[in-house]
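The form predicted on its own is given below as one chain in structure tokens.
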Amino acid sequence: MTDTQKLKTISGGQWLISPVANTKVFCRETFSEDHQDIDAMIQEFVKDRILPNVEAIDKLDKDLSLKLLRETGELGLIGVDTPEEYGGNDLDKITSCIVSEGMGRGGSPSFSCTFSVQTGIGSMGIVFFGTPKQKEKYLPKLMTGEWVAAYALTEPTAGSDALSGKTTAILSEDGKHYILNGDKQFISNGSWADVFTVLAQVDGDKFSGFIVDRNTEGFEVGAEEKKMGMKGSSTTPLKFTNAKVPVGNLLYKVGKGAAIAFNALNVGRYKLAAACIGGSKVGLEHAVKYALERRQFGQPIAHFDSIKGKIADMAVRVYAADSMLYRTVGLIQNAIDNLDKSDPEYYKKMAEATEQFAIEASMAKVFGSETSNMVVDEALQIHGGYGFTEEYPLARAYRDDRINRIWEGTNEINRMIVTGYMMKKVLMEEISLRDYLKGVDDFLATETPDIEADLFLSEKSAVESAKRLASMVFHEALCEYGQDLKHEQQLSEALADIFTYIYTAGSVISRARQSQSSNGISNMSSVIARIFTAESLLEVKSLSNICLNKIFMETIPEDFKDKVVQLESRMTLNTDTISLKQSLADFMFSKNNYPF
């Protein structure tokens, strides 16, 4: 039985009403030997093959990028998520994340993009929903990198509102082809791909998926986009002019395109988070090394307290993102482990199991991409004027990173997904919010802990208070707006951030709790948990007040306000985060890398 199988099976969002650190969560410290071996292998590959070629890749060197892609195929890295009978390795989702994170550490987000499309949105639709014949035809060559995959959802007038796409598909009179007409925009791997997963409207209103071969009559790939960053990856428009796609290339069923689109994106989101985290670790390591080498006023800038604060903030944020990502992927894998692998519908059910955690996948995407944004910005700042030059890698990283908050669904859309799915789960009573709120008075009647019975007693108690405050705010928002809450986008975004901070704080505490030992790294895990919990709950407090002022139009009922004040008092920790950050930064400088 795997570590993930030992976890209690729960569905997404349940952490809101479940005790903090009550059950084991999956994290880096629970990697198996196989996970560790693959992690070492992928890091060796990117060090030997990607890092030395970063500048060449950035010049849109197709031959080089595709050669490297084929090398990843030879190592079995493309086929992690694909059945063995079709040339894959059929490994777990933790391994899949490790590979994506490893690619993110290669210093070339452009190649990471090429690889991620190949292993994620470009092929997962076929893995999940393809017929045996489709899988047999396409997957083996995609897994070796002989064929390149792409995914075509976005259109010139349909980005975040993907289901409103205008590309049409009409069955031909002889019933042998679907005739596609329309345009797609911003297609990664566009000019290099041999196989495209394309979403179109059958008969104008049935959103459906198709597998389109590059040599399809009436199909045309446009010119490369002139991009701000990601210059080493291919991005093009596509055009369909009476393109004849065989009926056998219909993916899944007519009208089931949303399942294809969104399940591929769910996988893409947590994989993007993994790549962002990998890149963030590299950016942090660059900042640490430069701070130790750069001297001002007669000493390394690493000695300056302001620099220590930046290094510590980056380390805390990366550790937190890593913790919530692998907790999420562990939950997904746990749900998959409970499926019957002999079931003919196994891969469709795998997609459904993944969708149970759409909330967490979207949170990981948002938190991961905003972590990489924060890290690259602060790392460039630490480099000062040199960071603004092409002599150092931060200028390229700064340009390349900006897209991460846009693709795989903008962060605004992903925040809508978080709140929307939470709303759906509450209304469908998958999350018993009313029952949970009935216990608020009893919770407030108990004394707050004043003895350190365990290392994180104060932090766990504070997060429990934050969960009750968040639940009260969410309940009032639902009572006030009902289904129309989805139209109150600023309110929904604030709620999504509250949920994300709480989920991530719980993840960090659980991981730090599970990794305790006598070594210095585990001690620093405790320091990180204390910093992140204290600071993130201050954010929850602020966001909750913003939400309540909107819900109650600035006049909060006194009895309700009294409970809010009591909960806020309990979730406000008197943690000396500045001193903790100083010790964390000194530890980071002593290691001269990212050691967690």
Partner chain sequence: MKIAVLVKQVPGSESVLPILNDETWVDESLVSFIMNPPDNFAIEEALLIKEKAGEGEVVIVSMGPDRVKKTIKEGLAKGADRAIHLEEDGQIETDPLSISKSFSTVLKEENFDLIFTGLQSDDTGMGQTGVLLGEMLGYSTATLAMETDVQSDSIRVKRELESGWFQWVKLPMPASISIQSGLNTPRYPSLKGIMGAKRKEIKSIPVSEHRVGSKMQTIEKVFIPQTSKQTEMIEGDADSVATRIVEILKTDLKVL
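Positions refer to the first chain, counted from 1. Just so it is clear, the structure is predicted and the values come from calculations on it, not from any experiment.
Quick note: we don't show the form predicted in complex with the partner chain, though the next part is all about it.
Trainee: Do all of Glu33, Asp37 and Gly76 end up near the partner chain in the model of the complex, with near meaning a heavy atom within 4.5 Å?
Mentor: Every listed residue reaches the partner chain in the model of the complex, so yes.
Trainee: Is there a heavy atom of Met41 lying 4.5 Å or less from a heavy atom of the partner chain in the model of the complex?
Mentor: Although the partner chain is absent here, Met41 would touch it in the model of the complex, with heavy atoms inside 4.5 Å.
Trainee: Just to confirm, Asp48 within 4.5 Å of the partner chain in the model of the complex by heavy atoms?
Mentor: Asp48: yes, in contact with the partner chain in the model of the complex.
Trainee: Report whether the minimum heavy atom distance between Asn89 and the partner chain in the model of the complex is within 4.5 Å.
Mentor: Yes, Asn89 lies within 4.5 Å of the partner chain in the model of the complex.
Trainee: Check Leu180 for me: does it contact the partner chain in the model of the complex (non-hydrogen atoms, 4.5 angstroms)?
Mentor: Because no heavy atom of Leu180 falls inside 4.5 Å of the partner chain in the model of the complex, the answer is no.
Trainee: Going by heavy atom distances of 4.5 angstroms or less, which of Ile187, Val267, Ala358, Val80 would be at the interface with the partner chain in the model of the complex?
Mentor: Selected residue: Val80.
Trainee: Tell me which stretch of 259 to 267, 164 to 172, 67 to 75, 374 to 382 has a heavy atom within 4.5 angstroms of the partner chain in the model of the complex.
Mentor: Heavy atoms within 4.5 Å of the partner chain in the model of the complex occur in 67 to 75.
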